Ligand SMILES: Cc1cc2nc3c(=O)[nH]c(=O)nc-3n(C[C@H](O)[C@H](O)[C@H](O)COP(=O)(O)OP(=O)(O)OC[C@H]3O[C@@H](n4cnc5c(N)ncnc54)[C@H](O)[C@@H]3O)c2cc1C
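Next up: just one chain, as structure tokens, the form predicted alone.
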């Protein structure tokens, strides 16, 4: 994609965004609940995007909504860091990008008049650091990779290998966003395979597998040996119509903060849930606040708590065995993200690199300040899986120094401009216990049907309860779905 084509796509996306219909009149499958015929009392657990959008739409529909949030802020895993950076710079500790086909996220940004900016095109040349070598390459053919590729794989290039080994399988998946997917028993074989096994079964050489895993594929779970090939294919199927990525100018947390501002009187912060009591006609929740317990009873509860946290909360009477198993067994990706501030963007002296993928413990490097003013810059170095847990075990200063040493290998001499750093481990966050949900081989078909299913008057939302897992779009989509469930459930007999 050249500069002219990139700017053309930006203009088209902007025109599309400005023409979005108001949320109250949309008639797509993601439309909000209609006006309530019988207003209900609803308690929502969590003020992340899933809980906030559910509360927003249910309030608009006429329901009496209360949001309980364990943290002192809204947003959950949408979290923008502004300290300890200089010059008003910021970086994202959680959600960052909005792909151009994530219409809900773009529509809500538009609804709250939040400006967005395009990120560099996905096809721009990237920086790789693999097997001790720096390689600048796009996805084209005949790149001298330090991997033992076959002659055909070298001619194909990374993009061609993606299409041959992965893209060809996507058509047989069906509609991965349809309720009840995957219903085709023929997909069970794909679910039972790891991503590594899938690539080898499609004829990928050992060198091709080693190359393709660098970056995107290895950032889920504990890498390509640890998660379901069917999950990987669903993630790629959802990206087929993606052409650009955007970011919210000023920080991704502006979106949850905009929701929270309109819902301020309904949110109770620092109110962690200690007990959930499901029921067929109503449900209750017990929170711990100021050293005391308080019970709230409602017609419906919308639970957006990650299963990694929910499994430690008392539930009585218990969820169904299928739901309890899903809550207990759904794994979450470990992610430790380290942010380093430099007095100047020395990495732009060669070319404006903004991303780098590596086979080092710090697998992904991203510049958060490419579009922020001033000479200073912030680079993120991210470790996931086993490496993420190892880095999380370090003290804060050791994390920063370790990340700096890794960046020094990619950008020699960079450490001379280093000023300060900070880190975020999502495993250590008591209200997240992981960055995002995934499925181990064999789990998708067995757990997925039970993640979304309500338990009496308790409904479930969150990125883990959506096809768009690990994205803001997933949180929003699931929150709208849960809101419709509440609105469409017949009132309990009195």
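Since the model is a prediction, treat every value here as computed from it, not as a measurement. Residue numbers count along the first chain shown, from 1.
What comes next is about the form predicted together with this ligand, which is not displayed.
This chain lacks the partner; the member of 272, 115, 146, 141 within 4.5 angstroms of this ligand in the model of the complex by a non-hydrogen atom is 272. Only one of the listed residues (213, 368, 71, 235) places a non-hydrogen atom within 4.5 angstroms of this ligand in the model of the complex, and that residue is 71. The candidate spot formed by 42, 278 and 454 lies out of contact with this ligand in the model of the complex, as no residue has a heavy atom within 4.5 Å of it. Picking from 86-94, 412-420, 291-299, 389-397 the stretch near this ligand in the model of the complex, with a 4.5 Å limit on heavy atoms, gives 86-94. Residue contact with this ligand in the model of the complex: residue 439 places no heavy atom within 4.5 Å of it. Of the heavy atoms in residue 460, none are within 4.5 Å of this ligand in the model of the complex. In the model of the complex, this ligand sits within 4.5 Å of a heavy atom belonging to residue 77.
For the chain shown alone, residue 309 is a contact residue for this ligand in the model of the complex, at least one non-hydrogen atom being within 4.5 angstroms. In the model of the complex, just one residue of 370-387 lies within 4.5 Å of this ligand by at least one heavy atom: 382.
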